[in-house]
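Listed next as structure tokens is one chain, alone, in the form predicted on its own.
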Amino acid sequence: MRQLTRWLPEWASPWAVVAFVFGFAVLYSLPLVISFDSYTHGIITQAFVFAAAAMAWNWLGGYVGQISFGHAAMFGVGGFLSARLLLTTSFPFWIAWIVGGLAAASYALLWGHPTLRLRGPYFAIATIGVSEATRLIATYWGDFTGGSSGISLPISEGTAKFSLYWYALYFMAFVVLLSYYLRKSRIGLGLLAIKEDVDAAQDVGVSANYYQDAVLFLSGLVVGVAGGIYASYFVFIEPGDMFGFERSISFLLMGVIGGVGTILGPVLGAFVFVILQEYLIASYPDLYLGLYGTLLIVVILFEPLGLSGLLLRIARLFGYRPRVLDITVGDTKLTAMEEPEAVEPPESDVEPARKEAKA
């Protein structure tokens, strides 16, 4: 383990690397040793795609603290552009997905650059407007999206569709690494500083505008690629499904169920969400959104960190204690616990540093 530590950056944990490699190997070999039916295969593939999208939403909603209800706009842009490229060109799957993701990221910056200057509920309301406006435009732009009738992709059951399991797994694994980097590196400290107090963060040299724009671009890129993979697997897409408000709410629910602001919480939340969604739609098609709302209220009231917080409580019962980190911001030295909770420095440490910087 010490030899592995020498090859890793200072923010990377060797145990996290071992756990990642082990988990990836298990998920990669799962379809090779277990014979899945098409339904189970689709559930797991869908969970991989939504886990990546939920982590991307968490970068903005959990790391920066900007709650977005507009990620369905990027999901739909990436999905429809990827679908059109696959229908009209001979591009491979992955190139169409990346192009769709880049278009979604550019669109995210187009509306996000001005709206990210808003904070709290004002930003959330603005993203609702963006999502609904995008849905209406897509619905009436029949030449591109097929309107209410949607469009179908020429992908049938077989080897190509079955291989999307591994494409989705590679994609999720890459996003897990990126999420870990964003949370553990100095960039993550800057994002958490913006979340706690944007003015104080700017006083100590953190560029809030640059960091927020960069995170939104990355978030839009990942969600757009997720939309492209979703379109390729489910073959048929239409604006109401891809751009609907329900889609944006689903990303938020995955983050809250798993743990907003944590690294792997959205992954857990995505798997729970997909499984619950399939069961509730089949059993209670008229009530499942209300049941989701009830679940959201219960999680917020009793376990704000979701499944990640619950697992942390269980680990503490068995003697787990988070590692202590010493963080220096300007001339101020802060002590933080390496656990999912956001670290809030004492007011006595923040205020003198802020006043000194302003002076």
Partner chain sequence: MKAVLVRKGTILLGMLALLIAACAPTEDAAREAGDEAEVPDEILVGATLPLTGEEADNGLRYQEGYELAFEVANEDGGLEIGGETVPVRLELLDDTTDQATAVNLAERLINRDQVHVMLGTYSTALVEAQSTVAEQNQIPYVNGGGAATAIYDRGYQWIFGALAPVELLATTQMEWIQKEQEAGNVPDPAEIALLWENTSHGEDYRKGVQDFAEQSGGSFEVVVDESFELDSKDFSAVLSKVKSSGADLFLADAHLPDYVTMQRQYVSSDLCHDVITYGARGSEADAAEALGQENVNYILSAVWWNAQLGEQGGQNEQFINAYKERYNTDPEWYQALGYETVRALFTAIEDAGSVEPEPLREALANLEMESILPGGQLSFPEETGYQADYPFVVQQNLPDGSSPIVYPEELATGKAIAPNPNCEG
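Residue numbers count along the first chain shown, from 1. For clarity, every value in this text was computed on a predicted model and none was experimentally measured.
The form predicted in complex with the partner chain exists for this protein as well; it is not shown, and the discussion that follows is about that form.
*Asks:* State the residue from Leu118, Leu110, Leu177, Leu136 whose non-hydrogen atoms include one within 4.5 Å of the partner chain in the predicted bound form.
*Replies:* None of the others qualify; the residue that does is Leu136.
*Asks:* Can you pick the one in Trp94, Phe217, Phe123, Phe234 that has a heavy atom within 4.5 Å of the partner chain in the predicted bound form?
*Replies:* Exactly one residue meets the criterion: Phe234.
*Asks:* Do Ala282 and the partner chain share at least one heavy atom pair within 4.5 Å in the predicted bound form?
*Replies:* Looking in the predicted bound form, residue contacts with the partner chain include Ala282, since a heavy atom lies within 4.5 Å.
*Asks:* Is Tyr230 close enough to the partner chain in the predicted bound form to count, meaning some heavy atom within 4.5 Å?
*Replies:* Yes, Tyr230 sits close enough to the partner chain in the predicted bound form that at least one of its heavy atoms falls within 4.5 Å.
*Asks:* Test of understanding: in the predicted bound form, would Lys184 fall inside 4.5 Å of the partner chain by heavy atoms?
*Replies:* No, Lys184 sits far enough from the partner chain in the predicted bound form that none of its heavy atoms falls within 4.5 Å.
*Asks:* Report whether the minimum heavy atom distance between Leu301 and the partner chain in the predicted bound form is within 4.5 Å.
*Replies:* Because no heavy atom of Leu301 falls inside 4.5 Å of the partner chain in the predicted bound form, the answer is no.
*Asks:* Want to guess which of 56-64, 310-318, 293-301, 34-42 is within 4.5 Å of the partner chain in the predicted bound form, heavy atoms only?
*Replies:* So the stretch in question is 34-42.
*Asks:* What residues, if any, in 238-260 have a non-hydrogen atom within 4.5 angstroms of the partner chain in the predicted bound form?
*Replies:* The stretch 238-260, when checked against the partner chain in the predicted bound form, contributes Glu238, Asp241 at the 4.5 Å heavy-atom cut-off.
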